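Take a look at this one chain, the form predicted alone, written out in structure tokens.
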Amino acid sequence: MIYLLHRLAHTVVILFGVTLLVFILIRLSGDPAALYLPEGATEVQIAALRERLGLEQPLHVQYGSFVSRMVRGDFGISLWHRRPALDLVLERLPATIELTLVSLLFAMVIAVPAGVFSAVWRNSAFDAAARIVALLGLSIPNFWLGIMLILVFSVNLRLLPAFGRGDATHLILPGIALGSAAAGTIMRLVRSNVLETMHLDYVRTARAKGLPEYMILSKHVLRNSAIPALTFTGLQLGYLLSGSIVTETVFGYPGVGRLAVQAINNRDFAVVQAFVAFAAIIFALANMLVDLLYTLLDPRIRY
């Protein structure tokens, strides 16, 4: 419980630090009052809008007002959508959760078996092919992979939809594009840790007792080599949930990442700040969840 309270306190500090940084950077990018008003607006009109938005106040006063509203869940009103910024983020959240789960499922289903068999059949043809595929997954930018998937499976073969959100088929191409890099990293982590664990004393003891190889792999090797992969998966979950910006933009997917891009282009302060605060919370909670799961994998870990 004490550890959990410490992590929650760290989450609060991280949240305020991130929001402060973004708060300052956004306001250094230009005057939003001139952007929202039509071309040819007078100085009086610009000054009136600045006063209504509170932009004439010092930065520390603006940030203090923002923090006092943020702790109540009020991130302000989007000047482009004329709606509460947090409502816009939460409205797009289910779409991003769907895409995140599909991409992580793709990465785990492909990477974990490939990493295990690559370690068991070390230096075989399968091992070489798996390492090449993992390297390609890490090296190819997901926006380029997304475009190639659209050209092949949507434009040429007409098998899968390329844009938007609908049934389950709309998640296949963006899920593959988004999960390819994660699959490459997880496969390499699983392979290296399985190779290291297979040569430890307790694994040799299990073999000496005559245990079947599948039982040794599942009960002893995989469980004890899963912590690094679990750490990366937790970080990846936070990254994907906080907004897969590039992939959602390429596929025209209506998720949180695409909303953030639109808000940045429009200098929509309220939406950008709500998105960043939400992303910081997701990252912190994902890291804390991973730390707590360590104790289930290795009972020797205590906090």
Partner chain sequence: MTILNASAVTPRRRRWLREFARSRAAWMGLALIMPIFVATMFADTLAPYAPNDQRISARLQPPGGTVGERSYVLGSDSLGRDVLSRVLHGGRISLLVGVAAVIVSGALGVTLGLVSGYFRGHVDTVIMRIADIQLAIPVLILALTIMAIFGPSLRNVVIVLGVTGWVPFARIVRGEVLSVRENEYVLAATALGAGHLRMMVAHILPNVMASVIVMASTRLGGVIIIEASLSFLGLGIQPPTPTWGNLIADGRDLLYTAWWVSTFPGVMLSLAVIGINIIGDWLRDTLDPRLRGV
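Basically, rigid core = biggest C-alpha set you can superpose within 1.5 Å across the two forms. Numbering follows the first chain given and starts at 1. These numbers were taken from a predicted model, which means no experiment stands behind them.
Beyond the structure shown, there is the form predicted together with its partner chain, which is absent from this document and is the topic of what follows.
- Interface residue among 189, 112, 104, 79, judged by heavy atoms within 4.5 Å of its partner chain in the predicted complex: 189.
- In terms of contact with its partner chain in the predicted complex, the residue from 218, 139, 124, 205 that brings a heavy atom within 4.5 Å is 139.
- Judged against its partner chain in the predicted complex with a 4.5 angstroms heavy atom cut-off, the residues 200, 227 and 230 are out of contact without exception.
- Although the partner is absent here, residue 246 sits close enough that one of its heavy atoms falls within 4.5 Å of its partner chain in the predicted complex.
- For residue 148, a non-hydrogen atom is located within 4.5 Å of its partner chain in the predicted complex, even though that partner is not displayed.
- Proximity of residue 269 to its partner chain in the predicted complex: non-hydrogen atoms within 4.5 Å are present.
- Taking the partner from elsewhere, residue 70 is found to have every heavy atom lying beyond 4.5 Å of its partner chain in the predicted complex.
- Contacts to its partner chain in the predicted complex (heavy atom within 4.5 Å) from stretch 199 to 218: none.
- With the core held fixed, residue 22 shows a CA shift of 2 Å or greater between this form and the one not shown.
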